[in-house]
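This document opens with one chain alone, in structure tokens, the form predicted alone.
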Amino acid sequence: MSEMLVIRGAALRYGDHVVLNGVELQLARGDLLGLVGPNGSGKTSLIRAILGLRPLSAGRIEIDGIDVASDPRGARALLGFAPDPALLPGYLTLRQALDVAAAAREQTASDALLAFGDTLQLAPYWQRRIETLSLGTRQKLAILIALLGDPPLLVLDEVLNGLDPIAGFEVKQELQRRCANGTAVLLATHGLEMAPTLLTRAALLANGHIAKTWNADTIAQWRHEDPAAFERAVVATLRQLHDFRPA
């Protein structure tokens, strides 16, 4: 499979504070990679760098061969990202906000996307103002925004937070379906317990770099033999990093 996302030697610092220090990561079409790590490990900073919102101090990020630093608009056109639900415009209705996001990408919300919104039980809320909606309902809208136009790369930061059981199940099913059709998904998450049933690969970000990765064979083995093994492996790795200090 061709690589959809390539991160080479990504470094990011604010003055003397090192956030990322030589991150190396590749994501192929069809991958559903879980990016895990403790609070302050740099996951959100890495995602913002992928989106072209945080210039790297060193290194390179490419999306389908497009350098994010030299062509951020071209790179961003290939990815879908779920905005922070707290930052969605409260004065718009849910449907208006979706249409505005679609127009910004020179697209329209497809019938399939709206049907998935109904699957997420959004039908009663399309004409409700966002400021009146719960966190979980806003999160569902943010996920729909990420899926606009069926982008070949999805970069998602804790998008399962706040979802009810049905919505969480449907979102995970949708991500797996899209990966089966060639979409690459980078999912930053603290949800270690669900990893073996959802992910194809996983990477642990700690001390500003990728401290450990787990391949598809290992994830598949855990899925069938010991679903709790991934959580234990992450905790054991962090405990082995005796000099671990959140970035």
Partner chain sequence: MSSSPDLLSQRLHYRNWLDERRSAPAESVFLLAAGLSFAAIAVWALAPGLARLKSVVTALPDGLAIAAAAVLGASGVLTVLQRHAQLTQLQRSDWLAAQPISATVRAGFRRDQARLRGWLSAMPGIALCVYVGWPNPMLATTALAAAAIAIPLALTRKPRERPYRDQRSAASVRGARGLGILGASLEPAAARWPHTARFAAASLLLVPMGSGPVLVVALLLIATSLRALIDLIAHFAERLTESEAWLGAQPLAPQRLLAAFAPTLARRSALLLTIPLLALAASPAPLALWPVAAVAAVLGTLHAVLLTHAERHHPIRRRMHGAAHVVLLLLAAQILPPLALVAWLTVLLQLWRRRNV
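Since this is a predicted model, take the numbers as computed values, not measurements. Positions refer to the first chain, counted from 1.
This protein has a second form, the form predicted in complex with its partner chain, left out of what is shown; the following refers to that one.
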property	result
Residues Ala101, Ala115 and Glu131 all lining its partner chain in the predicted complex, heavy atom within 4.5 Å	yes
Segment assignment from 33-41, 47-55, 216-224, 192-200: heavy atom within 4.5 Å of its partner chain in the predicted complex	47-55
Contact label in the predicted complex: Ala97 to its partner chain, heavy atom within 4.5 Å	yes
Close approach of Val159 to its partner chain in the predicted complex, 4.5 Å, heavy atom	no
Contact label in the predicted complex: Gln127 to its partner chain, heavy atom within 4.5 Å	yes
4.5 Å heavy atom contact, Arg73 to its partner chain in the predicted complex	yes
Residues of stretch 136-161 in contact with its partner chain in the predicted complex (4.5 Å, non-hydrogen atom)	Ile145
